[in-house]
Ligand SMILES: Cc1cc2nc3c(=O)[nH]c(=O)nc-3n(C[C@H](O)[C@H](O)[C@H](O)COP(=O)(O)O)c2cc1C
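Have a look below at one chain only, the form predicted alone, in structure tokens format.
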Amino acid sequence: MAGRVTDAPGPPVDPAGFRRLMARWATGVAVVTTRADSADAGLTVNGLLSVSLRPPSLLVSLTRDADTTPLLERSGSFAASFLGADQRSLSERFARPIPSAEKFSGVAVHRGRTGVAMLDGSLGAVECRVVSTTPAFDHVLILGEVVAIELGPDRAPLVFQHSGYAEVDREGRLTLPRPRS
């Protein structure tokens, strides 16, 4: 195949350097949820990609060792709730390695078409049916076909960069975090 690279010359890429580089890439923040065996699970992600409009589809990247991953693979459905700038505490809660029941304790949710929990007050959410799962190193790439969407209030998004969250002023303008030395 023309243009195919089989071996990249030079030393391997340093994971710490790669992490520093990727910290410069600003991303939105979402909470991915699923429901299997009568239990809710969820985690914070910034590895989320709109794949197609026909049909509407979404790709999420989850770590293999996250408690949510096997439940999502069993359930066959998931939701992604896009967080607003005022929902930082939800991002931090769902990013913690605590039991799922603790993550959802006191959090306002509603159920989507497939029964998956969707976070109240988010910018919006998509509910997906799993089309495929692909192992990718220490992650699993999950492709979902969108079966339902909802739009929440239109306000500033929660943005993550340089291992921190953007701040929002009274006019709704975002100020990105400064690089750490």
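A residue's number is simply how far along the shown sequence it sits, counting from 1. Computed from a predicted model, the values in this text were never measured in an experiment.
Note that the form predicted together with the named molecule isn't included here; everything after this is about it.
- In the predicted bound form, none of the heavy atoms of residue 111 sits within 4.5 Å of a heavy atom of the named molecule.
- Within 4.5 Å of any heavy atom of the named molecule in the predicted bound form lies no heavy atom of residue 143.
- Using a 4.5 Å cutoff between non-hydrogen atoms, residue 96 counts as a contact of the named molecule in the predicted bound form.
- Although the partner is absent here, residue 122 is not a contact residue: none of its heavy atoms lies within 4.5 angstroms of the named molecule in the predicted bound form.
- With the named molecule omitted here, the record of contacts in the predicted bound form names 62 to 70 of 62 to 70, 113 to 121, 143 to 151, 49 to 57, defined by a heavy atom within 4.5 Å.
- Of all the residues from 144 to 178, those having a non-hydrogen atom no more than 4.5 Å from the named molecule in the predicted bound form are 160, 165.
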